[in-house]
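First come two forms of one protein chain, each written alone as structure tokens, so that there is a structure 1 and a structure 2.
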Structure 1
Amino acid sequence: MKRTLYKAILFSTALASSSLLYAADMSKTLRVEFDAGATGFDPAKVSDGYSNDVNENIYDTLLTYDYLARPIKIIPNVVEDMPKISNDGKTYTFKIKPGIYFADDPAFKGKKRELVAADFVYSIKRLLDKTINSPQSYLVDGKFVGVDELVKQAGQGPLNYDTEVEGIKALDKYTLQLNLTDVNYNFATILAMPAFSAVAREVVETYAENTNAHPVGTGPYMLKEWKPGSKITLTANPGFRKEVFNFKADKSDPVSVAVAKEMKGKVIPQTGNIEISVIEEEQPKWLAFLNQQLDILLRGIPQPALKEALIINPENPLDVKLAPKYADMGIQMQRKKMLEITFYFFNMKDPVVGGYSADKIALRRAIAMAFPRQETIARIRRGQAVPVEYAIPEGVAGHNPKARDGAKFDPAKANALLDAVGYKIGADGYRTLPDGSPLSVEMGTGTAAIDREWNEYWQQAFDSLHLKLTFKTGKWSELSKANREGKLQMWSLAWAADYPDGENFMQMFYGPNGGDSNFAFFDLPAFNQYYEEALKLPNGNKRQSLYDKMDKLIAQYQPYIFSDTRVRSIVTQSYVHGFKTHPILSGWRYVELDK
């Protein structure tokens, strides 16, 4: 009897511990796609969205986002509470939750390794290490007290991680304190980026030769297999802390309500494996989804399939429904407005298109007014985009939905403007500069078919103004170099939010960032002053009023021509539950498959 009881206890304990080991159903695999391969999984070494999506599921950041709250809301992740920010907005203090462990790895020599404040100190310092050359270093350069000296001491060598600095320090085992060099009430949004994930020093040192291929974090998944450029497989981390789905629904959104209801109280993650296939071409991506080889199309219905897959209201192309044949298959669709702006910019240092005098402003404005934005949205984007009217897109703190600062399409007025400031039409049918010298503008462009489509619209725009336009074709890196060296007059780019704060967008127009994130080399003292003032303010009316003034200045001087923000149609199979598109998060850890 005693033995039977003992066995029963043993069995139930084993059962309990195994369910704790794997809350996720290891027989289920979520299959998703990437357009391109991830570059690696060392948070300090990567910056592409694909790597970040994977890192978000392997590692933990101090703060994260509420899965269902809209507008997006930052919440504590591995910390007890939101950080205590000092009154001067310079000191952030975090209390890390005890009992969070890294996934098991030989680097820990068989011991359980707890996440502590020192891990974040080490991880943040790595972003500044010259031997790493982190593409994310711009987020931290000059931001922390005393760190610049440490970087200077290291020269081109590795940082001395054992030297304590005032800016990034562990007060005790679980308390992390960040001391900023300047006031910044919005730094918490930056700290939720995957670049600020905690890595363990032992792991980095053990796999120093190839840290990108050996990620070990405290997150819900672990890297099982990585075939660069082809496939990534993640598997549930059996040691992941117990987290239960407890997000409140946004009641105005039926998807949010459904997700909150079906997932409430469930342990995260629910799905045992995630398989990410790199599918670059659009047809196989769409057909693989229809064939149920993919469960979610993360990047939305591919452009060539939009016409077939959606019923688009011709009066309002953003009013779309899934075509009945797909809706009948149980496919679900969610719309996602990207946190991005696409734009064209002028080199403000260029003697022809740059400068701040009235004639130069007139030239840039005329070009902006001749560009048929609505037509490119209708034709190239198939109506699945909205024009950018403000430097900060919707969904990012600091956006002003009432602003209409984008250039209005009016070629007649644009021509009149050029006539008024003396850009006369010469014998060859093209305008000259006001001093009579020849006028020709060169625009950088890529080599893809879609680039040629855009170029046709630009050619039409320049023709309508009697301006000569030539194209400089090249790879992104070549054009980027040419732009930096001041050899490009115009070029187009897209800027996606690194973090959902207006500062991430407004920095593109700040003079000292010229040639860096300020592609146009726009340098206007008034703008710079507003920008510096805004940096010291939390999100609110005061900062918004400064942002509005800054946006007006951009519209007035026209260093940039705002184009559009894309809207994607994300589709999921009928058996996918718990998925709600999030502007920043991948959401994979919350997905449950019922098949």
Structure 2
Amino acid sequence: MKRTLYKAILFSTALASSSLLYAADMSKTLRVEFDAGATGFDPAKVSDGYSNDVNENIYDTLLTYDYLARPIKIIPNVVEDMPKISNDGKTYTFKIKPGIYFADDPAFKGKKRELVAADFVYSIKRLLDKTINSPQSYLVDGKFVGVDELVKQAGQGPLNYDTEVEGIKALDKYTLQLNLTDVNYNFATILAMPAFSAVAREVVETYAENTNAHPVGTGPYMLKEWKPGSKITLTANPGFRKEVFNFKADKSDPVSVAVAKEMKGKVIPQTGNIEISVIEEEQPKWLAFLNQQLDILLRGIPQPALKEALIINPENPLDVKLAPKYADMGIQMQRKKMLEITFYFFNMKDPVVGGYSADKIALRRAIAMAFPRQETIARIRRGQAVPVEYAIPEGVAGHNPKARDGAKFDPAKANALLDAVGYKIGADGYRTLPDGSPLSVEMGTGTAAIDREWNEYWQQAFDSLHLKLTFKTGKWSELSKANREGKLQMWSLAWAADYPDGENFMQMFYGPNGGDSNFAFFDLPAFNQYYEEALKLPNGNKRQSLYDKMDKLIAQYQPYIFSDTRVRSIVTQSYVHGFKTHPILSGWRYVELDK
């Protein structure tokens, strides 16, 4: 790769900025909802989407996304321009904009604290600190020159942050240089992830006992209140640099055109506060929106309300309109096919459902074949989803639209498969393991009514196979912790794109990522080899061929049961302006309320 300097005209930020301070309208509060609680707000310690949505608005990353550009486009955020790339694509040099400050905090002892290159050096190194045990460490492990030695020297103790390493270093106060061990074609988009936000070392050290509860960033909002599992309140950062909305509209999209017109020239953020309520149950969420207690339903019209709220074409369930009675209320709807896959997974280390022998594979495959996902799409999703047939969803580089690797519903064949490998039905009507010992599977599940709907289908699936099933009920954060510790046999999750490339999905099945993003602890040498080869390739035929082989291995060993990709109907109240669904960003900072 030749020495490259991104052209400013192509990548110039659409947010004009200056050093002037700005205060948003503090009388206005944007009210939104989560269906589960955030786990915390230390960028190095969290990976769930709820926490990241909040962190995106508290902290700053080097790069970010153009709010309105489609396909999505990376732009500078706190840097003067896109990075200067040299050394055949392995060296990235950034110039931090002077005059950007962290929100005031006692940790700064009454002094203004400017954002500098050393803050990014410290923040990126934290992802590798064994004492932090970052769920995002897979993004940086082995990626920077000289850092592996630093990690090795630390052992299981804290990193020596004062030791300079070639891979992550500040050349001067405002110049950051990152030296990669190899070319990474997704590096710019990875740097836009909230995990790469800048934190201040003195803040982390001041609140060392609970950094998740004391976020201090340079972003447009600050954490005002956090009641875990219940409520999060953000308030505008009075010291946030002045940024003016100047994104260009996608002229083929009426919503984009309207947003660009109504927000042009306005200072960001317009809204003084953001209130996030955790509402696990679907029906109360819908009622809260109809009663104008919520301004936006970020995760779309809840599934129980879809039949009432939408006019659904019976010939094509994805062809929908908002029901007239809601359209007449001024409610606006935007459709969004998620860049995600939803799935169930098995703990591959578990002695009952895990392992790579023929009988274990047969058990997992039979369970997958007994689950009626087309029926759940029709009855629970109300047709507002499509089945996942490939590990990488549509809209993400590396997706193969011809693949059909999801398990086919066929309980008869599933039973025959179990019979063939020795899972015999005992006197109590349940199957035993091939060695005759008892067989029971425990699945993690939430506490909401919608979880019980899913559980009924799973109970029917296990009953059809004569397999005993129990449920381990818990809050999302509790189950997430148990899963990282390898204490769940089965659970369900959704993985939404952190960046729109297949690598972000295939890394979920890479062995060394077990316990982090590899929820199943799947560790197959052939898959790992293909994955490592694919990392060295740009998007193209060679990489696609490797991805197809990897997808086949996932289908063959069945550590995951692919479920569906949701098509959400996101609604806003009539007085909400500036909101445009984005594949990656939350977009809260651009919302204005006219009420």
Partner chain sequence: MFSYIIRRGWQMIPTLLGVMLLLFALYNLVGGDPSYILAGKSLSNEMLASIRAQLGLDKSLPEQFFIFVKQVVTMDFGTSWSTQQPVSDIINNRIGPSIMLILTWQICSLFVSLIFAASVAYFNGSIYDRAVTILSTIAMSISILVYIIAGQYFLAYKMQWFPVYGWGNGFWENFLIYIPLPLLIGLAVSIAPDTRFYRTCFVEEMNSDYVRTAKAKGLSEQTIMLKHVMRNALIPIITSVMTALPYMITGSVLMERFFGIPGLGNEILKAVDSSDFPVIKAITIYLVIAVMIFNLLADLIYKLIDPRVQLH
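If you're wondering where the values come from, they're calculated on a predicted model, not measured in any experiment. Residue indices: 1-based, along structure 1. Whichever C-alpha set is largest while still superposing within 1.5 Å between the two forms counts as the rigid core.
In this comparison the chain labelled structure 2 is the form predicted alone, and the other chain is not. Hinge residue for the rigid-body motion between structure 1 and structure 2, chosen from Pro434, Lys266, Asp88, Arg566: Arg566. Interdomain rotation between structure 1 and structure 2 (smaller rigid part relative to larger, C-alpha based, rounded to whole degrees) is 27°. For Lys536, the Cα shift between structure 1 and structure 2 is 2.6 Å when the rigid core is held fixed in the overlay. With the core fitted, the CA of Ala420 sits 14.8 Å away from its counterpart between structure 1 and structure 2.
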